[in-house]
Structures are given as C-alpha cells and as structure tokens.
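Single chain ahead, by itself, as structure tokens, in the form predicted alone.
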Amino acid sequence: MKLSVALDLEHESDNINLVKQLKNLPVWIKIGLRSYIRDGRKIIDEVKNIDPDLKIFLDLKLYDIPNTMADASESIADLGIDMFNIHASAGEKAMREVMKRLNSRKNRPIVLSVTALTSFDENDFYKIYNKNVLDKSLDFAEMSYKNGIDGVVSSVFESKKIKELTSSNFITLTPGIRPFGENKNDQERVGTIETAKNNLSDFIVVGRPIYQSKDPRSVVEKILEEIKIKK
C-alpha cells in the first residue's frame, strides 16, 4: 500500500512548504483541480525540484468527448507526471481512445478511472445513476478493466470486491481516508488505514489530517509506519 498526500491548500506557497516537509519520504503527491488550475505546470516542476523521487498523481478527473479526453491525456503525459485519472462514466469509447493514444508511448503514466466520488451518499448517488454505489462501482470497474484502464478510484468499501471481480493486479486508489479517526468533513464514505488494508487498497489518499496538523511530517511518518512502508 502506498500513501498519496493531497496538496489542497489555499496558497501555492503553503503547498510547497508542505512538500518540503515531506522531502525524502516514500510518498506520492496528489495535485488536484484547485492547485493545478491556480498554479499550472509550475507546481509539478516545483515538486520535482524539491525531491525528484516524489511520484505525482494529477487528479483532474477528465470527463469529455473521447477525442478531447485523449488529446488531454497526451498533454498530461507530456507533463512528466506518474498517474492521472478520468471519469469512468465517460464510457468505453473514451477509455479505449485514451489508452490507444497512451499505449503508443514508451513511458506512459498510470491511468485510473473514477467510479463513485466518496462525497456521495447512497441517496444522492442513486438519484444520478439509478443504482446503488457498490453495484455501479463494480460496473464501472469491470468496464475499465476490459478497456485497458490500469485501475480505479473508489472508496475503501468497494476496493476488495472490485479486485475480486477484475484482478488482484487491478489498482484501487481510495480517497477519504481518515487514518486516526478524524472528522470526515465533506466526505461520506470514509475509512481508516485498517479498513483500507482489509479491503486491499493499493493507494490511500490523505489530505486534511496531514496538512491541517502542526507537524505534517510526523503524521506522515506515523501513517507510513501503520502501512509498513519505510524509506
């Protein structure tokens, strides 16, 4: 299991300061929509300058017509990031087009598809998809697997069943992790590190419990100890 730390702070300088505190730790850095729209490619370059060994997950959740998504995917790959995501609900054609473009490259990033956002509860999710979260997440995961996507973004509660349906090598990245029982804030389907372990998550994403701490590095070190990853 790997830890991805979310850079979701209000100012670029705060994000950079957080990355500096995490230098030389075996973590991934998640750059999301807010940070990328505000700071652009510069934030990626600055993270790499602080620690070239840090892996970058660009969390933009592409969702558009297939050709536009494929074009955007190629541009994302040119940024030198290590992983990014699309929305599974963009459909099979979009998945195939994205992977067709990227598979022609020598060193392509990992591609994940988003199943059900962890901010959804069952009621709100059903209003949109006319299916419960687990069943629709499994549908999306199977579609993604069959169309060459590397893995999915889901809550911890779907992760194990997704692997059982697809493959043990099919990646599951699980946001909404509250490692030590912190407040769930705007997330609904949250879990602990233990929940993530039990459900075979490959990546966990932690944001506020780290960057709202007075000592983010110590929190990260504690999480890494919990998931038994040491530098």
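Sequential numbering from 1, following the sequence displayed. All figures in this text were calculated on a predicted structure; none of them were measured in a lab.
Keep in mind the form predicted together with cytidine-5'-monophosphate (C5P) is missing from the figure; the text below concerns it.
This chain appears without its partner; in the model of the complex, the one residue of V153, M83, V156, V98 with a heavy atom within 4.5 Å of cytidine-5'-monophosphate (C5P) is V153.
Proximity to cytidine-5'-monophosphate (C5P) in the model of the complex, defined as a heavy atom within 4.5 Å, singles out one entry of K48, R178, K197, K163, which is R178. In the model of the complex, at least one heavy atom of K61 sits within 4.5 Å of cytidine-5'-monophosphate (C5P). Heavy atoms of A72 never reach within 4.5 Å of cytidine-5'-monophosphate (C5P) in the model of the complex, leaving it off the interface.
Heavy atoms of R217 never reach within 4.5 Å of cytidine-5'-monophosphate (C5P) in the model of the complex, leaving it off the interface.
Mapping the unseen interface onto this chain, V27 falls outside it, with no heavy atom inside 4.5 Å of cytidine-5'-monophosphate (C5P) in the model of the complex. Contacts to cytidine-5'-monophosphate (C5P) in the model of the complex (heavy atom within 4.5 Å) from stretch 1-26: A6, D8.
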